[in-house]
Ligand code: GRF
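As structure tokens, one chain now follows by itself in the form predicted on its own.
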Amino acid sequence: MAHKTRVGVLISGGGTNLQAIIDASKSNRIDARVVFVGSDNPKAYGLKRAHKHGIPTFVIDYETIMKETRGRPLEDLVPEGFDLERVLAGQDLLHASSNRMKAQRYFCTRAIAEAALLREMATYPFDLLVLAGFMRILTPYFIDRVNTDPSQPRIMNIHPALLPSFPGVDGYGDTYRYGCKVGGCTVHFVDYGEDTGPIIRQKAFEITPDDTIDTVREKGLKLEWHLYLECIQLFAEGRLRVVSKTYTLENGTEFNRKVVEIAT
């Protein structure tokens, strides 16, 4: 039997993208198989979808972990190997002017939760980690332990907007409220920022005067199911390469950007 890319999936809710991935895997439309489904939400319906197909699941309840760390010295709770200064220097989530104590607590508590997440994931060897509606931002502590080779990222996310426009939790809603005439979705690799990683592929749809915020979300979700499968298959075929490129503006200013090249 041909090798199938082992895919781990993290979810927080209903798991419709998860279901699309499972169905495509079962019907051999993608050269991949789901080896685990993890969630931060014990009530996530996507866990039931996984159970139905015999896929191992686990839950890391972030909310409970946050409550349990309140009032306790974080230095006694952070995982071995956690380097706060390195994380603060590398992260692109909180502004440099943010209160240091607030930033310290944010990244320490998330490292505690992420360490538990990594322990569960270690049970199931995987090639690609897919975020399918996982409503937690991953920190450099977690990302560096999955992306062991920085030149070959293996955390993929789908976002409900045409990035770099409208990052954050409500991409379709932001697109609609802004009055855009075109909406869409984006699959990208995860980096240290919020929805800032190198873009793999995008799909777009027209927004008409008759559309509502609900129909916009419906249009986008239908595209997501196809777009994610395309990108997972490209990864399985080894056709994705992240390269650094330098661009020069008209005023002579240069800036570097990581972009995804797709081999033919």
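Note that this is a predicted model, so its numbers are computed, not measured. In case it trips you up, residue 1 is the first one in the sequence shown, and so on.
Not pictured, yet referred to below: the form predicted in complex with the ligand.
Shown without its partner, this chain lists I158, L162, L129, I112 as candidates; in the predicted complex, only I158 has a non-hydrogen atom within 4.5 angstroms of the ligand.
Although the partner is absent here, L221 lies within 4.5 Å of the ligand in the predicted complex, judged by heavy atoms. Of the heavy atoms in P153, none are within 4.5 Å of the ligand in the predicted complex.
Put simply, F166 is far from the ligand in the predicted complex: not one heavy atom of it is within 4.5 Å. Although the partner is absent from this view, S25 stays clear of the ligand in the predicted complex, with no non-hydrogen atom inside 4.5 angstroms. Although the ligand is not shown here, in the predicted complex the stretch 164-200 places heavy atoms of just one residue, Y172, within 4.5 Å of it.
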